[in-house]
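What follows is one chain in structure tokens, specifically the form predicted on its own.
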């Protein structure tokens, strides 16, 4: 099920300004290998969100080969900190080479291993947390990450509308995880939740604060 019709997606994509050659190369790599990335529409939206919220400390739970981190790094100052996580050391090596080529590697730290364990071992709070790990882990990610947002901070989950699988009788663990995290966020009095229906849908969770 398409969340947005392909024609509208193509229209919006065609309006985007020219992207950095490294991003274009990453997009081609993703197409050739069937590797899921957020794509330029979500990347543009996330970079705008980082700018609007004045984010200076960002955590990524599930970074793949660094595509989303480059979108964040493009709009953040040299004093910003982005922490990436992925279970594949090859993804880390590819990402760090890309960060160096773009000139943003000093502000990005990339850890290899289980994202939630790495997150638990990383001290401090965050302005923005982006989650794109296995979907059955989304509820655990919400419980771990939301309390560690600063007041007004934002937690974003990718694939939050999951191609409508929850409306088609899919009972897989990943679909149940997406359903549960949506209900957790919208049922949490401390959270202002909304969906952004681009690509496969984003769940946006803002900490209300005191």
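As the structure is a prediction and not an experimental result, all values here were calculated from the model. Numbering follows the first chain given and starts at 1.
A second form of this protein, the form predicted together with a further copy of the same chain, is not displayed here; the remarks below concern that form.
a further copy of the same chain is not drawn, but in the model of the complex it has a heavy atom within 4.5 Å of residue 15.
For the chain shown alone, residue 167 is a contact residue for a further copy of the same chain in the model of the complex, at least one non-hydrogen atom being within 4.5 angstroms. Though the partner is left out of this view, residue 152 does reach within 4.5 Å of a further copy of the same chain in the model of the complex, counting heavy atoms only. Looking at residue 80, you'd find every heavy atom of it more than 4.5 angstroms from a further copy of the same chain in the model of the complex.
Partner proximity in the model of the complex, defined as non-hydrogen atoms within 4.5 angstroms of a further copy of the same chain, places exactly one of 41 to 49, 137 to 145, 22 to 30, 62 to 70 at the interface: 41 to 49. Applying a 4.5 Å heavy atom cutoff to a further copy of the same chain in the model of the complex picks out no residue from 107 to 122.
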